[in-house]
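One chain is shown next in structure tokens, namely the form predicted alone.
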Amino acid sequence: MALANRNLVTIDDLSNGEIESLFSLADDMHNAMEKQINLCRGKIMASLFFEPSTRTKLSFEAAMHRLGGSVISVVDVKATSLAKGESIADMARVVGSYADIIVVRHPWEGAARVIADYAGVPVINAGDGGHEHPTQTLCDLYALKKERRTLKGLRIALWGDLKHGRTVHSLTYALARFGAIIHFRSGPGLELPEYVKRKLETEYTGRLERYENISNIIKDSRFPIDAIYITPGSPHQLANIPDVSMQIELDKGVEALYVTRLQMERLSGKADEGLKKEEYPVVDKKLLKGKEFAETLVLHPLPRVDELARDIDADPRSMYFKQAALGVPVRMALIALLLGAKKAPAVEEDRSFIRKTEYTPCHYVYGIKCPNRNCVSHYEKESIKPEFTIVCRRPLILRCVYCEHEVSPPFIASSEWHEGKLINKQYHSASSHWARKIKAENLIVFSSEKDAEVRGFKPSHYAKKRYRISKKEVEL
């Protein structure tokens, strides 16, 4: 299996089989670290970290040095031409001419994708804002698999800041793909973003049970949860009785607990008002005495603050320092594969937990902006334009290709009309039946009536109407 010249921007850039192959190579490298010194000799890695990092940055650089390569690095945006107004697209072109591979961490969500589009060499996303952190997920999966042997059917709880935690977002997708059962326990106001929930519900074959459906079952639990993602690979006799089925899953406890800190650097704006640090859930000895945690591994991407007590560091269930150490062989394997220095053996792939989902690009977008104010599309206006795919037709929902946040445009039309195929050139409410009737490749979306009318469209009698849509009607 060859991964040469590929990018790793999101965890979805690697298939399950490719991840398994990477782990096999990581095992080989871990067991013979000193024998890898000539694999990437003469190759240069550019380490571009525009946000603070200890483990990710140093493990990548250690990995490149252990492969025999060299590292050039930037750690402060103020020391680069970005501070002078240079676009990250131009920076990517230049750095791509200096290095053979680029590792980038950036505060803007989607920045890694832009750099990958322009660099001309493999690009690895080491964290883009609150979006994704795919190599941390590789390290997390690798640690879990070494301890539990398989990810299929693994019961794992994701704990803490699920809203801003990029490690959680990448890990959630990967766990669903491998057939894990995921319990979500967030801090108050820090639940999974809606776009992550939608992806779970539309792209994977399990079912997501949300809080309103399970609150009556878990009233007295020591481990309150917001939602649970149940894989179809874990059937039991009472699966046709939802409440009993859920209680059985909860009574089993969890095999792994993935803890994350409150992402203070990403808290801002009205959406995060009222968050109280003292209400953030804490993992300590008292919690782990519960029967549901008797055999539970505790993981954390680090750094920790107050959410993970130091009194459990010596507990044999605590995996977080071992988890960090495994980052070096995993990243060695990834770098070697992307540079073509190694080929990993092909692994048979289980795709039974993944739906075949193909989204159509929305080509005609007028005035629509990504609602995520930290999206790269708001900053790189000269080199990129907002781009969206159509993820749902009723109601009409578009997904930003850079950060994956969603937006629902208010008005629509068809491109066939201004090509002279129809006499009338009209626009409609996006909540009308036209959202489904217009072919995806012909769909035009507008942010306002003004955007439509300045382009010569007139309102149809559907333009002013609003239609209520039930959950059952939501579909691709």
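Just count from 1 along the sequence shown to find any residue number. If you're wondering where the values come from, they're calculated on a predicted model, not measured in any experiment.
This next part talks about the form predicted in complex with a small molecule, which is not shown.
- Per the 4.5 Å heavy atom criterion, the small molecule in the model of the complex is contacted by stretch 162-170, the sole one of 148-156, 112-120, 199-207, 162-170.
- Mapping the unseen interface onto this chain, residue 374 falls outside it, with no heavy atom inside 4.5 Å of the small molecule in the model of the complex.
- Although the partner is absent here, residue 302 is a contact residue: one of its heavy atoms lies within 4.5 angstroms of the small molecule in the model of the complex.
- By the criterion of a heavy atom within 4.5 Å, residue 186 is excluded from the residues contacting the small molecule in the model of the complex.
- Using a 4.5 angstroms limit between non-hydrogen atoms, residue 56 touches the small molecule in the model of the complex.
- The contact with the small molecule in the model of the complex, taken as any heavy atom within 4.5 Å, belongs to 263 out of 231, 87, 318, 263.
- Contact here is defined as any heavy atom lying within 4.5 Å of the small molecule in the model of the complex, and by that definition each of 105, 133 and 136 is a contact residue.
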